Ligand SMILES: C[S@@+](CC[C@H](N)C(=O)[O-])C[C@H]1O[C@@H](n2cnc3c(N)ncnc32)[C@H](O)[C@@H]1O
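Just one chain is shown here, as structure tokens, and it is the form predicted alone.
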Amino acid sequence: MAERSKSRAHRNPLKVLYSRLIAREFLKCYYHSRPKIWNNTYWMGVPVGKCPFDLWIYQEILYETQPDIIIESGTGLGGSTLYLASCCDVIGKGSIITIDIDNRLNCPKHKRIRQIVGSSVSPRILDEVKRDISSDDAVLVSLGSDHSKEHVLSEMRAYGAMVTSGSYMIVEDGIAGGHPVKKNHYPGPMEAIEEYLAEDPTFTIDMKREKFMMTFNPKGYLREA
């Protein structure tokens, strides 16, 4: 009887709606506390500009998919790059190719990290990345550089073909463009995701990766069939 009551409560549409509204408002509060919170978050002393809930999801995905190559666009200050390398250390496999237009002197040094400087969608960079991937490598992609729709869509079209079966293309910061923050930043990653999925049905949104209710990457955990 208790289990039945619990199930009914879970299906209560008002409760579901309130939960979503609370999560949405908390995300906005968290995001707009950027200097105090997520601009003040570190991995092993290096700034990491990601939501901790998303970092947890990353390690679950890495453990499940066991990628040989992780392609990251948008090195930033390097905290997320070092985090990925640390996860690979625990798993015992994997290397990171991280791409940024800015040659950051403080990009972490780690045996699993290789930094490439340039635009993630330039032919030179794409050729360089492809040369580092062998035919039997399992590949995961994380896109978090320029958040304009045009750039994100170009990245998805360029890197989607590199993602191996069962792995992921993670499109970050779909919250921009009013989803629910940065309303003036429109269109952005969310709109790029929607257009790309209409083009490439081999990718599907893995909604279970949003189980913590707050994510910077709504609809952005895309699994290759």
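All figures in this text were calculated on a predicted structure; none of them were measured in a lab. Start at 1 and count along the sequence shown; that's the residue number.
One more form of this protein, predicted together with the named molecule, exists but is not displayed; see below.
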Of Pro52, Gly49, Pro187, Gly178, the one that lies within 4.5 Å of the named molecule in the model of the complex (heavy atoms):
Gly49
Heavy atom of Ser119 within 4.5 Å of the named molecule in the model of the complex
yes
May I ask you to state whether Lys149 is within 4.5 Å of the named molecule in the model of the complex, using heavy atom distances?
no
Does any heavy atom of Pro108 come within 4.5 Å of a heavy atom of the named molecule in the model of the complex?
no
4.5 Å heavy atom contact, Asp127 to the named molecule in the model of the complex:
no
Since the partner isn't included here, can you check whether the named molecule sits close to all of Glu72, Gly76 and Asp100 in the model of the complex (heavy atom within 4.5 Å for each)?
yes
